[in-house]
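Encoded as structure tokens, the following chain is the form predicted on its own, with no partner shown.
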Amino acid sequence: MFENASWIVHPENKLYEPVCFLKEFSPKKQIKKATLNITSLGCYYPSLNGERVGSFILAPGFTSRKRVQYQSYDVTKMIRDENKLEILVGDGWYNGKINFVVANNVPKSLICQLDIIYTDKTKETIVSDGSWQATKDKLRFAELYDGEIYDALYKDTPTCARVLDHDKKIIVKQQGVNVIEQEILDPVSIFKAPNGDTIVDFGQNLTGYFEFTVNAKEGDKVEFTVCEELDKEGNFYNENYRDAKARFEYICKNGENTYKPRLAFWGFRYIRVDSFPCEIKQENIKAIVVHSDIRRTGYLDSSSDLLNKLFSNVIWGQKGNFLDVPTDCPQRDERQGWTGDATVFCKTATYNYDVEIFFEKWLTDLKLDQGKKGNIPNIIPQTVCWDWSTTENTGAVWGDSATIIPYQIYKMYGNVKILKKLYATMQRYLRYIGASTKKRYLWYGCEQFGDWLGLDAPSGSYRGSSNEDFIASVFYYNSVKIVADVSEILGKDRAKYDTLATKILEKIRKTFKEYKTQTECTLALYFNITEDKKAVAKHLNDMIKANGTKLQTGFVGTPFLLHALSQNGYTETAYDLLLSEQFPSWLYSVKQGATTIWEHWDGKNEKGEFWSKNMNSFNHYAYGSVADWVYEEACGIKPKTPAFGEVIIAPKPTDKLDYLSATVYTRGGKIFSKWYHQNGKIKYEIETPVKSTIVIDGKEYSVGKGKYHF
């Protein structure tokens, strides 16, 4: 593919100024099939005869700089006697601010190949080369953080495209899933804020863009700015976007104007109407939700409206942050593939959606971007200025994405291929830890993120008070155990990793004899570090009760906290935390009007005051990891063998809810688990497509495919 095609650029390439490449052609005979193959350094938007080609938003996607995916489109039915192919290219993920640099040393460019097969079996190929024209587009500005500026009146004289001498070996066939338009939301209200601003509210914090239609005079303007939250007075607020301008500007032509962005996306709930040719009404605008085309597989339902809203928020958080890569947040000047966020959320992600291919693609980029010493960059794909490939900075949990995520993909989908692909990456990562630690058999004395955003953090710190060396050593131990299991799965000798794990565990127990925080107790229990689970579980429970039955955990402790409690006899405390409506809790944000998961437990307090301007996302899915506890512990659904070949269903009910249910669509079929109170008893409805072990009140039942009532 692309053997005879060339990378082409506009001779006056400017940062953030999209360019359009044009080619006119006429088929020589009757066409049987025509396939358009495209990729770009930057994001592209293709049109043939004025009609959009394909539905991939921001193609070719966000990848390691060591590769770029190409897409193939069947355009047979779009070809006419005379044709005009236009491909708009913007900087996208490839260039500019999202890489924390002013510009990349290679400009945005296009490579393209149209393969035509005629009915007489002869072929013709049209490739990008110096015969193409290049023009500056009506889309005058496009940048992922700042937005778009479109001038419907702008005209430019085409010039000859310039051929760029750039490597074609980086081009690979698309591996990931398409990013597409998913659903359309109408405004729930349009109102005047106290300060006089006109604000459009879509009722949901979402990731995507908007489409508007308006009759206007030539030169009229449409100007929007977006935000997630209103301030305590009810006015527009987006200081938490930091340096992302999150704006849109459109200069109208005379008559009807309809437009939706082509090379930008935003995270937003509200739009401030900075300028509009008339009074904006609901029929003038709609929001379009955009995310990777992943299939929903998990559903949770309960008797609590607040809890159901939390479940919805978890789903919206995943949708908003699964836009080709698993991002930390979709709105501010970041939107990066932070590995720690993906690590703690990956289990929940695999229950909610079929994300096998999504993560396969991202893990391929992780493999490619692994540092020379074996370290894992804290952001994947690696951005230009944060060059972790040549440094020794890798954080525990963040770096453990190399082991935890592929192993989770294997457990959920039976994907051995991903283990084979990442096995050497895992081994190199373990060697990196062993070489960087200051104490053998621990991960000790290295810079760490700790229990990020833990509520027990010292004043002025983002890191919780948990011992960072303990956290790192626990995850080192866990990753070694994973690699031991993976070795056995792949038919390799696991003995050396078992021996290493034993030595690490011994060293952890000798070095860290006290667990002083909720997170330390949680990790000691969940990862089987402590030899006295009963005492540590009681200590954890006592600390929670002494804190007013409130958690203090951050990004590292929270995903495992309820598991640690319910697996050690404190299920009721786990439910107390889940169902608490007081700060800090999951339902606190729900009661504050959240429609996605917040980055901070107190992103906005009861007075409507914000946590900070600097780091306060209202769509940050990490704490949504609580949903995997609901699937696995509260409703009791767990894979006994990979891909749910066999299943364990061991629900843990409570009197605090009337009912709770989970539905999971696996490779083998539907699993359903529901418990509810009726006439003073707890009743269970369970459905399984495979051989299962059902556990009710400690009693085991071995069953086959079917529906069961207890």
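Numbering starts at 1 and runs along the sequence shown. Because the structure is predicted, anything quoted here is derived from the model rather than measured.
Unshown form predicted together with beta-D-glucopyranose; subsequent notes refer to it.
Trainee: Against beta-D-glucopyranose in the predicted bound form, would D341 count as a contact residue? Criterion: heavy atoms within 4.5 Å.
Mentor: D341 belongs to the contact set for beta-D-glucopyranose.
Trainee: Just checking whether E632 would be counted as a contact of beta-D-glucopyranose in the predicted bound form - the rule being heavy atoms within 4.5 angstroms.
Mentor: Contact check for E632: no, nothing within 4.5 Å of beta-D-glucopyranose in the predicted bound form.
Trainee: Is there a heavy atom of E334 no more than 4.5 Å from a heavy atom of beta-D-glucopyranose in the predicted bound form?
Mentor: Yes, E334 is a contact residue.
Trainee: Examine W398 and determine whether its closest non-hydrogen atom to beta-D-glucopyranose in the predicted bound form is within 4.5 angstroms.
Mentor: Contact with beta-D-glucopyranose, yes.
Trainee: Between the options E520, E468, D328, E143, which residue brings a heavy atom to within 4.5 Å of beta-D-glucopyranose in the predicted bound form?
Mentor: Result of the distance check: D328.
Trainee: Looking at D324, D628, E599, D137, which has any heavy atom no more than 4.5 Å from beta-D-glucopyranose in the predicted bound form?
Mentor: None of the others qualify; the residue that does is E599.
Trainee: Pick the stretch from 88-96, 431-439, 129-137, 614-622 whose residues have a heavy atom within 4.5 Å of beta-D-glucopyranose in the predicted bound form.
Mentor: Residues of 614-622 come within 4.5 Å of the partner.
Trainee: Residue by residue through 424-451, which ones have a non-hydrogen atom no more than 4.5 angstroms from beta-D-glucopyranose in the predicted bound form?
Mentor: Residue within 4.5 Å: F449, and no other.
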